[in-house]
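First, one chain by itself: the form predicted on its own, in structure tokens.
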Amino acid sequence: MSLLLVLIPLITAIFLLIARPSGARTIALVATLANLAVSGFACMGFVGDGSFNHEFSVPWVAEAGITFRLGMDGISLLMVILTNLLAPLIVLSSFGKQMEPEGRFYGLVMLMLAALNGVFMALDGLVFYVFYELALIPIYFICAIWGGQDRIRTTLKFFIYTFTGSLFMLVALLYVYLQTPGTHSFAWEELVRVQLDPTAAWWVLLGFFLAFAVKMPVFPFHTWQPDTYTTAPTGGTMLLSGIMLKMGVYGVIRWMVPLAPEAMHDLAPVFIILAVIGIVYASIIAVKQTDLKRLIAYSSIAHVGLIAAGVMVWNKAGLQGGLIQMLNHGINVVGLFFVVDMIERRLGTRSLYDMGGIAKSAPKFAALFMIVMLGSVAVPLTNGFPGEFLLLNGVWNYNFWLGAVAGLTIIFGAVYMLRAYGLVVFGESNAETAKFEDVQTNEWIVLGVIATLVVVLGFFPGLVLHLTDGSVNRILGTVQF
């Protein structure tokens, strides 16, 4: 199953990019649904004791200790579910726009899907790095070809930031690899067993942190994000915000901390403070925004800052909160960016001051938008609440003052999201908003599924927590600092 999750989108991508058939969007949708079905089968009979399920392993460069090895524990499976749950929604959301040439666009989306699945399932350090870098290539071209104004400069900045960060990770990974006994190995278990001296551990940890901090992003490595999210086409923004930034948080849990725990005691406070600064900084800027898409971009920095802080305190509440919130943030932010796309296609603007009164002409849209917005604000009984509660609990237990400052995200989030919702949906209609068309069939499906998930995961967070519990217990027991 692990191999299928990579092969299905990879073969589809190659076919779409080379043959460029008519109906490329339908082919891409069918492929993403097939991957979602495989993800569902992977859940059946899953052993949640923290061991790796559905392993696939073949020697790649045996002499160098490199094996093409994939597998899933609860943490990996959750990320695989997120990726393959959002993928068909992202493809379907693009049905309302002409992405010419269609074969190239959907081929790149499928190539990115293959790379993302590979990142979350890789159990060999070099395989992880290859997939991590491969994911950068399709999103670069998606943003550069179909992006908005000033897309080349913005996309180049994004590429330089992320590629440079990845090089630091590669150096750190190679150093740990050279410390493995015998003929050396990139196997995750062998890398984790290496005992580093304090000085080396510092540099290894910093190398990984630079790569993952850029990808999440964490303050002050975030400056590429607002411009890239705003300029990218909606499908690209959804891939970046909904799935790709989770590569950074996942990398912290799977690779950064387990490979260099010796330095975490000294450096974790610095990392956590940076994440908390990002929460407040991005939230304040989000309050000031008049461009709805840019507002959501900054809100994403704030939400991911809380996830990063919760994960790096390295206690059970923080890790479980970070994992469930990665899933929920992906669902919510994809819904929010789709709402922005719907508004921009109908009104030709993203300015909050050019909107108003949409609820009068599009009540169904207003209701679905409200559900997604409430999930983002983490209102109780929505999907955002359990994860945010656990994250704040984890940070609070680590340090009272950091927990108190991180808790400001609740207030700020309510301020900027309720303000935006009020300006968009309520108030007086104008000539354009009075003609605002309500949701169409494909829009109903996308927003309906997202709204349903917001409610279901709000009522039943145990579905996720049970899936990841064994893996979290195992990794906490194995890696201590």
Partner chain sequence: MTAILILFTTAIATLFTGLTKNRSLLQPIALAGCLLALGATFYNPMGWNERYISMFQFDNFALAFSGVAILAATLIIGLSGWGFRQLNDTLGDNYGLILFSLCGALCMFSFTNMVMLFLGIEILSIPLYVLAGSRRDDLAGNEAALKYFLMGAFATGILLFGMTLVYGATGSFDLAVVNEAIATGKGSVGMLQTGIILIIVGLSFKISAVPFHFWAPDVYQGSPNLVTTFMATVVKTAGIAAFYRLFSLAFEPAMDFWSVPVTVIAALTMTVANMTAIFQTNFKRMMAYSSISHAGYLLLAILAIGTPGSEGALLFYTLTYSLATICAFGCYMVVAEQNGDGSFAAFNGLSKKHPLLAAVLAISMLSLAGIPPTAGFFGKYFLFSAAFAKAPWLIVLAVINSAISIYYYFKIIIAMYFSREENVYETGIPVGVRWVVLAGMLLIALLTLMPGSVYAWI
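Positions refer to the first chain, counted from 1. Model, not experiment: these values are computed from the prediction.
The form predicted together with the partner chain exists for this protein as well; it is not shown, and the discussion that follows is about that form.
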Quiz item: Does the partner chain get within 4.5 angstroms of any non-hydrogen atom of residue 186 in the predicted bound form?
Solution: yes
Practice problem: Could you confirm whether residue 277 comes within 4.5 Å of the partner chain in the predicted bound form, counting heavy atoms only? | Solution: no
Practice problem: Indicate whether residue 202 is a 4.5 Å heavy atom neighbour of the partner chain in the predicted bound form. | Solution: no
Practice problem: Using a 4.5 Å heavy atom cut-off, state whether residue 37 contacts the partner chain in the predicted bound form. | Solution: no
Quiz item: If you check in the predicted bound form, do 63, 168 and 178 all have a non-hydrogen atom within 4.5 Å of the partner chain?
Solution: yes
Practice problem: Within 4.5 Å of the partner chain in the predicted bound form, counting heavy atoms only, one of 208-216, 381-389, 251-259, 153-161 shows up; tell me which. | Solution: 153-161
Quiz item: Quick one: of 145, 78, 191, 196, which gets a non-hydrogen atom within 4.5 angstroms of the partner chain in the predicted bound form?
Solution: 145
Exercise. Quick one: from 396, 129, 281, 95, grab the residue that has a heavy atom within 4.5 Å of the partner chain in the predicted bound form.
Key: 129
Quiz item: Which residues within 1-29 place at least one heavy atom within 4.5 Å of the partner chain in the predicted bound form?
Solution: 20
